[in-house]
Ligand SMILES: C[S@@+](CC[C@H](N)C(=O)[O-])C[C@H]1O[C@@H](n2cnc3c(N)ncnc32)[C@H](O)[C@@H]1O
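Shown below, as structure tokens, is a lone chain in the form predicted on its own; questions about how it binds or moves come after it.
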Amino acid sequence: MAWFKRRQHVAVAEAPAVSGRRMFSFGGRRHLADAPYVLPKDMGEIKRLDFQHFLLRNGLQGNYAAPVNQPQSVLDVGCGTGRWAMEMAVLFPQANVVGVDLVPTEEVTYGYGLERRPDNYVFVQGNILEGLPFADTNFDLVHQRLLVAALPAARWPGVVSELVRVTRPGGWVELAECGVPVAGGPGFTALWASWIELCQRRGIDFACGHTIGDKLKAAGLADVHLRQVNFPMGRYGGRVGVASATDCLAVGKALRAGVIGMGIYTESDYDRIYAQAEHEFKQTRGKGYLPFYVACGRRVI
């Protein structure tokens, strides 16, 4: 909890442990202790992640970019609710699909159109920062999405090397991360900048999404491809724009206590720029967008 400055208006309390990991309550949300992840780990975040998954699948027009052909084994690192992994299990019924995360999802959630957990999907508890609990060259596709807020900048080379380690020769590693807002309004821009500052104070580079292709190349992967998809932010962008803005505002609520606790903004200032961003997103004219990057590379040996 040392990463937050204690203030009287911010409640910090112990919460029940989940699968052996200690939790604490901060700003009315439950967080993992002894982990760099800046977002909460509770039912509110589970719902947001599921919503975000649907948004990304729609905007990216699919769940993956790597040119895999009938993979026999798939790994999702930082699987969250498990929706991505379970949908891949249905898409590739011949594959063993594994999701790994710090803690399991407390409420069972299923992939799109599923009424039960696929038989070829399994959850394994683990931490990429401590090494994955799998043998070398084990998976045909290793996927990691939106862990930028959980990985200290200095740890990225080791993380990517670990992803490569468990990938079979000829297999693919895929990373997906958001970028930094472009042409957004002053409220949206200031709100996002406060999150970048919050992460920076914890050693996390929240603005490194555009570098994921270079990270794969630095790890020795071949045939690296980087794709950029721009998500409109706000009503002007139609259903995708409204959904993108809704997800952004949910993140804003989740990170509010952290930004205020670190003294980046006062409560009144944060609430003001949040309301300004919310107003900007409601406009029928705009040009602000959030770039999203997907990169994949093939392990040669």
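From 1 onward, residues are counted along the sequence shown. Since the model is a prediction, treat every value here as computed from it, not as a measurement.
Quick note: we don't show the form predicted in complex with the named molecule, though the next part is all about it.
Only one listed stretch (94 to 102, 134 to 142, 190 to 198, 210 to 218) carries heavy atoms within 4.5 Å of the named molecule in the model of the complex, and that stretch is 94 to 102. Among heavy atoms of Leu146, some come within 4.5 Å of the named molecule in the model of the complex. The named molecule in the model of the complex comes within 4.5 Å of a heavy atom belonging to Gly78. Although the partner is absent here, Ala66 is not a contact residue: none of its heavy atoms lies within 4.5 angstroms of the named molecule in the model of the complex.
Contact check for Ser73: every heavy atom lies farther than 4.5 Å from the named molecule in the model of the complex. For the options Tyr236, Tyr37, Tyr265, Tyr274, the one in contact with the named molecule in the model of the complex, meaning a heavy atom within 4.5 Å, is Tyr37. Scanning Ile128, Val224, Val90, Val229 against the named molecule in the model of the complex with a 4.5 Å heavy atom cut-off leaves one residue, Ile128. For the candidate spot formed by Ala33, Met43 and Ala254, no residue has a non-hydrogen atom within 4.5 angstroms of the named molecule in the model of the complex.
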